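One chain comes next, on its own, written out as structure tokens in the form predicted on its own.
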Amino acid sequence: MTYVDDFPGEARVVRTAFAIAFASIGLGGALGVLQALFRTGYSRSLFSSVDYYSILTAHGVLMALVFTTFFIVGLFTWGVTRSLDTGFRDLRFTWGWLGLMTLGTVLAFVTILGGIVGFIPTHAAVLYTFYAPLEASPTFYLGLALLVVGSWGAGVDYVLALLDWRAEHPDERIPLQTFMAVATMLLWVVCTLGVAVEVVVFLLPWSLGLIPRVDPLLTRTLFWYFGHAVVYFWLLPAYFVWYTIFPKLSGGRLFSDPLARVVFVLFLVLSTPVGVHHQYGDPGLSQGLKFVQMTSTYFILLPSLLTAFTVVASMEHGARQRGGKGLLKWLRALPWENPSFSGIALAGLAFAASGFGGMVNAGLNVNALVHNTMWVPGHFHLTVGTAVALTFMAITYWLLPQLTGKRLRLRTLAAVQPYLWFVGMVFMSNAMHRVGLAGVPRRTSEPQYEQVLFNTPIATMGELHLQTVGGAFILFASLLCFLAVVLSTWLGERGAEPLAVNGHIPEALSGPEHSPRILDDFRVWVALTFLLLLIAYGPPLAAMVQNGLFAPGSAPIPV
């Protein structure tokens, strides 16, 4: 029996969420190629400089918000129902929140599209980081609000399923996949409170003309309250895969269940109170506050380092189960021809590299050198664009047969796809980082300044531009391969070939019985999260509010 036979209703929900996610990444990827061609000067005749910002907004929203959010709710729906071995209470509610997310996505995308085509009287060229003073049409904010509120409904479904399971299993530990899904959704709800206030209280009334002006510093602070933690909302589902499925794909078992729970609790508690490190250049925030938040940001390295240790240890255990020997020769024993395994392994490798860049971004002084340059998009494409996106694509190859009951097709194309993505991203992200170090700005359509020369120590700007465009085309080719495999499998005939996938996930080497039960008590961790949030955001937000909710700028807080 496969998942689709055990939970046909939930499988339909997952497939629908995945279909919207894949349509978003396909369209967003095509827009990414257009951006690369325009930014590097290879083709400035395709569209105007003004349209570039609408295309950039569409690319960011489709890839970073729509693709990720829909895939995550689909992945967690599978993980929660599978690990609890129970369906949701009422699938009408489930379809309701999925419908709300879809409606919000359509509203937001059509609004962005209005900036490019003349017959739609809307616009939303506000980039992915939507805060004042850039203003969009009200439907853009309404669409994003519906997308977020709909995703909260997914969290409600997971918690209700957990409560039902708990009533029948009062003395058992929460299954690891459900523990991870609930922890991630709690983080999501906590961090989206900031952007919800920003949109509902300020940006939406402002765009409707109900209030004359808003405070840019306040809206920026509310956005970054959400804007950094959302990275972990994208990343933790990748960790969900790395911890619970990747060890099996390696041929072994998870090294430590307790360590995995500690990591997710640490991310829940520490992710949101550090958003100010995105505002090092903002006036109105004291240097003392920025220094404290810089220090707090480095604490988040701890769960990432624990993850690196646990995942690599699990992978080595699997390799040795497959006959691997030696200090490093065991790497040869791993199933590199399996696209699910290779994709996740390469995603982890990219994430390790991006971790070093993240330490640079978090530094109060070093950040000043790179913050407004192409270095940051280069970092973003390694983290979300590879660690997260490549993991999601790779695990799709393993999940799709279980969700459809159909054997994966075009396996050769699937085997090549993760390597293509990795090579394309190495070229593009490397070029972005290096032109960033040369001072090339981000968030501009045409970074040309007659009085400024961008000097790079190795290679010319022309060569780096070629790397950017070449990398973008390789990435898009990889994306087309992925979509071809998915579409071919989806449209295949069920039962024509026997399934070649086993959905069973083995127990960890060190199980949950080796960890304290307090780890499963989310009330404690949520309370601690809000306490840290009060310490981190209480003083700056209080100062801004005292200065006037709609005042354009606030007085600096004394150090």
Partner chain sequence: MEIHRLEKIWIAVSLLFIVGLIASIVYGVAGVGVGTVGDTGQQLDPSALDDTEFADPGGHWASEDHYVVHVVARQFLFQPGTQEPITVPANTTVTFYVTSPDVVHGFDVVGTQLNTMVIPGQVTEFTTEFDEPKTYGIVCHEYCGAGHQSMAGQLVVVPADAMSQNATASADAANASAVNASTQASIATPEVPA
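Positions refer to the first chain, counted from 1. Not measured: the values here are computed from a predicted model.
In what follows, reference is made to the form predicted together with its partner chain, a form of this protein that is not presented.
In the predicted bound form, no residue of the candidate spot (L98, L499 and Y537) has a heavy atom lying within 4.5 Å of its partner chain. Picking from 388 to 396, 208 to 216, 228 to 236, 157 to 165 the stretch near its partner chain in the predicted bound form, with a 4.5 Å limit on heavy atoms, gives 208 to 216. Proximity to its partner chain in the predicted bound form, taken as a non-hydrogen atom within 4.5 angstroms, holds for one residue of M294, L193, L270, L420, which is M294.
Comment: its partner chain is not present in this chain, but in the predicted bound form one of A415, L186, L142, A132 has a heavy atom within 4.5 Å of it, namely A132. Of the heavy atoms in G326, none are within 4.5 Å of its partner chain in the predicted bound form.
A residue is said to contact a partner when one of its heavy atoms sits within 4.5 Å of a partner heavy atom; H514 meets this definition for its partner chain in the predicted bound form. With a 4.5 Å cutoff on heavy atoms, E446 counts as touching its partner chain in the predicted bound form.
Interface membership of G462, defined by any non-hydrogen atom within 4.5 Å of its partner chain in the predicted bound form, is ruled out. Contact annotation for 269 to 295: residues with any non-hydrogen atom within 4.5 angstroms of its partner chain in the predicted bound form are Y280, G281, D282, P283, G284, L285, S286, Q287, K290, F291, M294, T295, listed in sequence order.
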